[in-house]
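First comes one chain, alone, set out as C-alpha cells in the form predicted alone.
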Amino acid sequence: MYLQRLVLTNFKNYDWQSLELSPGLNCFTGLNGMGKTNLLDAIYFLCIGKSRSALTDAQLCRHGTDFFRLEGWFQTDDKLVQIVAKVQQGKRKILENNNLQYANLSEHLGLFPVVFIGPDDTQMLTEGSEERRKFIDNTLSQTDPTYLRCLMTYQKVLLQRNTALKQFAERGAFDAGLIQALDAQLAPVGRYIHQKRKVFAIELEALVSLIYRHLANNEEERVQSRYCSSLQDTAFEDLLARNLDKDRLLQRTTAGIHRDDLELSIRSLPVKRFASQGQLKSLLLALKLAQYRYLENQKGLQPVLLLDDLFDKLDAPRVARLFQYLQSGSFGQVCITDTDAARLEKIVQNLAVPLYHYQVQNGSAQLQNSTL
C-alpha cells in the first residue's frame, strides 16, 4: 500500500499543488517555514481523517480562504483508491472513498495505516501520561474498529459524568440514579479498552527492545514497558463506586482508563527521570518503528512512514543506524523532510529504493531528482 498521487488545494500555505510520489522514498527539502511539514500533514490527514497538528480543521485553510481540499490516490494490491477530504468553514467535514461519502468518519480510520515521527515527539517520553495514552490509542484505533468505538463512547460518557458532577456541586443536589446509569455505560467499554491496552503493551515491549538495541548500538540496554491502570486488580464498577465521594468533591472522575499510563524504563530506571538525550532519541525512534511493525502485523499492510525534520535533532551515528535499520527491514513508502538537501542526498544515495526528491519553497514543491 502506498500513496501514488497527492493534490492539495488551499491547505495551509499551499494554493494548489499536485505531486506524484514514489512507492519507496520521497524526500522534501527546503528552509524552515516553506511547507515541507505541511505535505506530510496532508498525507497524515488523508490516512487518519484529521491533522496531526493542534490546529482545528478551519485553521488549516490557507490564509484568506474558507475551505481546503485534499485528494490522494492510494495503490493497494491491484486496486487504486481515491480518498478526498473536503473542509469548509461552518460546514461538516466530508471524507470520500471513491466518490462515496462516509456516514461516519471513524469508518475510514485504519484503512491506510500511517506512522508519523516528528522532532518534538520526545515529549511523549518526558511529559504527562496523556501523550502516551494518545500513542496507544492512535495505534489500536488503526487496527481495531471496536476499540475505536469503545474509546469514542468512553470519552463521550466521561464528559457527561464530569459535567453532571459539576452541576451537582453548583446546585447542591446529587442524582445517584444518573451517576449509576453513566457508570453502567462506562464500565463495559472501559473494560474492553483496558484489556486491549494490556495486551498491546506486552507486544510493544518485545518490539521496542529489539529495535532499540539496534538504534542505540548497545546490546546490554533493555527497554521495559509497563502498562499501569487502576483497573489491574479492581472491577470498573467497584472502582467508580469507591471513588465517588472524591469525584463529588473534585467535580471530576478521578479514576478510570483515562488515567492509565505506559511506564517506560531502560535498565530498570524510569526514562522520565534518568534517560540521557541520546537514550530518549533512540527510544522515541524505537517506539514509533515498533508502532509501524505492530500496524503492519495487524493490518497485513505496510504503513506510510513519515519522518519530519529528524536529522537536525539526531547525531550522525544515530542517523546512520536508523537508515541501516530502514534498509535492512521491509519498509514500504517513506516520506522524509530536511532543511539540508546535500545532507539528505548523501544519507539516501546508497539506498536501493525508487526515490523522488522535491525542493519546497513558499508552498510550492518542484521535482529535483527521480530514480524511478
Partner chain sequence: MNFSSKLLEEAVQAFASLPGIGRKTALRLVLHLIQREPQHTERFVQSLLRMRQGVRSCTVCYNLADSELCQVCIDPRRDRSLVCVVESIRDVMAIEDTHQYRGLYHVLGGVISPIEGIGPEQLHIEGLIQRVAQGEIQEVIMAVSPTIEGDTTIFYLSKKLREYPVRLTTIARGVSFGGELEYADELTLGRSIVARVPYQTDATSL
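All values derive from a computational prediction rather than experimental measurement. Residue numbers count along the first chain shown, from 1.
Keep in mind that the form predicted together with its partner chain is missing from the display, and what follows is about it.
Not displayed here, its partner chain is approached by Arg149 to within 4.5 Å at the level of heavy atoms in the predicted bound form. Its partner chain in the predicted bound form comes within 4.5 Å of a heavy atom belonging to Thr163. Not displayed here, its partner chain is approached by Leu178 to within 4.5 Å at the level of heavy atoms in the predicted bound form. Within this chain, Val199 is remote from the site of its partner chain in the predicted bound form, having no heavy atom within 4.5 Å. Shown without its partner, this chain lists Arg273, Lys79, Arg171, Lys246 as candidates; in the predicted bound form, only Arg171 has a non-hydrogen atom within 4.5 angstroms of its partner chain.
The listed set Val208, Leu239, Leu182, Leu95 contains one residue whose heavy atoms approach its partner chain in the predicted bound form to within 4.5 Å, identified as Leu182. Contact with its partner chain in the predicted bound form, judged as any non-hydrogen atom within 4.5 angstroms, is confined among 152-160, 130-138, 112-120, 297-305 to 152-160.
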